[in-house]
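Starting off, we have a lone chain in the form predicted alone, written out as structure tokens.
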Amino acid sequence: MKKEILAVENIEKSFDGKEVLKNISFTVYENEFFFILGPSGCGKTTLLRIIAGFTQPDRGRVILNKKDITNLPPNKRNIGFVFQNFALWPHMKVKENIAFGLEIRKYPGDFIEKKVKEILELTKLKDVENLYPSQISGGQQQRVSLARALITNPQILLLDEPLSNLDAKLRDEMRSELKRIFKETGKTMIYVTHDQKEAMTLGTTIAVMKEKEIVQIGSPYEIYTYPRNFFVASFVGDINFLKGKIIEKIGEILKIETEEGLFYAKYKRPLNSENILFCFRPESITNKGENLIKGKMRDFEFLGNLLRLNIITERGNLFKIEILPKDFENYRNGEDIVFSIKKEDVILLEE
């Protein structure tokens, strides 16, 4: 049975009369990489600051290891925090920045030296330990920030969009480093981001936020494959859709009428309305599915390992489909395209 580390219960917060968090509740378990994913302005950083103790909620509780810490100051919570802007001391060398948290806690010098050595090895910063922050790269600065938070052995580690100030190549490198450090330490982490790629590649659990509320919690696979609504479906990846109406149910198969014709979908979960969105991912196309769609290729985007084709139908509906580059010789702009989707790959959402 998984051990509960953190429980957030019915958190609400307003600033100047504007509600920014509404009835937020979730549980984080031991050794979990928990992501809070949402667009800018949805309240995710405020939520993280409430967990850390930098901001007080108007209502609700924060429970850490069965203890109510809602009113405890940040330095009494045993929670690590990695800031978006690194927040390193510019006058201190790398090893001094890392040791700072232990020094203010009055640990003995030999203990501090031992822990600094261990954390330098873990974060691969041994070669730059005697340099100042201004002398190292952005990726190394981020690792120093991470090392400084880890060295105090917090019960959980909070990360506030830690890769947003890095370029694309460094972000990819740091994602790999974070995954390695998570596996090697087993530390429970809560990570705030608006980048769905970070959440999908690193997270064990994702809480998707929209306008001050959590709208779905699940594994990356569950969030992507079984989105609860159209916001989640479109936020965690590209999605094609048509408005439709369920006109018949045959066992576990639904017959759906759309302006592009009749389609079929496998019944996966209860729907409260006959008016639905018939959705599918760009990679879900096949030439052996039950649901045929015809159109013309308008243009394409080269994504490296994939080609994304933009297909326009006679009725003006635009669909994005993805194929392997080696198959591209079969497609040309303006040519007729026929593709299909298996009924099992259809995502049905209420309109």
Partner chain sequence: MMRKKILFFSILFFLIYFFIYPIFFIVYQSFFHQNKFTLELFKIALTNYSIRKSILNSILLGIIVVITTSIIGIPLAFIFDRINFKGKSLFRILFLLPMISSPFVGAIGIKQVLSRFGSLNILLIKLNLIKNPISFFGSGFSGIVILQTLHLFPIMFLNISSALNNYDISVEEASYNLGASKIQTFLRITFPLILPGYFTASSIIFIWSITDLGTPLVFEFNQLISVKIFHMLKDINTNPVGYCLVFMILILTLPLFIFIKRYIEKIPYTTDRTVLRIVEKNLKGKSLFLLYFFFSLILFFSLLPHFSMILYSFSKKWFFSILPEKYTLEYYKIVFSHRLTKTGILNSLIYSSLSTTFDIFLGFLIGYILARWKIRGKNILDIISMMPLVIPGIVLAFGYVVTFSNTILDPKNNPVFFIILSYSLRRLPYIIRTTYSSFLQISENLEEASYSLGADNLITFKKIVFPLVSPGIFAGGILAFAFSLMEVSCSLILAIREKFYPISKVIYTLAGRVTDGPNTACSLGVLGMIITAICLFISTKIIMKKIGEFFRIG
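Positions refer to the first chain, counted from 1. As the structure is a prediction and not an experimental result, all values here were calculated from the model.
Here the subject shifts to the form predicted in complex with the partner chain, a form of this protein not shown in this document.
* Taking the shortest heavy atom distance, is K95 within 4.5 Å of the partner chain in the predicted bound form? -> Output for K95 is no: heavy atoms all beyond 4.5 Å of the partner chain.
* **the partner chain contact in the predicted bound form: E103, any heavy atom under 4.5 Å** => Judged by the heavy-atom cut-off of 4.5 Å, E103 is in contact with the partner chain in the predicted bound form.
* Looking in the predicted bound form, any heavy atom of R49 within 4.5 Å of the partner chain? -> Output for R49 is yes: heavy atoms within 4.5 Å of the partner chain.
* Asked: Does the 4.5 Å heavy atom contact test between P90 and the partner chain in the predicted bound form come out positive?
  -> Output for P90 is yes: heavy atoms within 4.5 Å of the partner chain.
* Full three-residue contact with the partner chain in the predicted bound form, heavy atom 4.5 Å, for Q216, Y224 and F235 -> Verified in the predicted bound form; spot residues all out of contact, no.
* Asked: Of the options G109, P74, G138, G261, which one has a non-hydrogen atom that comes within 4.5 Å of the partner chain in the predicted bound form?
  -> After the contact test, the surviving option is P74.
* Just one of L254, A199, I190, I79 has a heavy atom within 4.5 angstroms of the partner chain in the predicted bound form, so which one? -> Only one option qualifies, and that one is I79.
* Determine which one of 169-177, 263-271, 113-121, 145-153 lies within 4.5 Å of the partner chain in the predicted bound form, judging by heavy atom distances; exactly one does. => Every other range fails; the passing one is 145-153.
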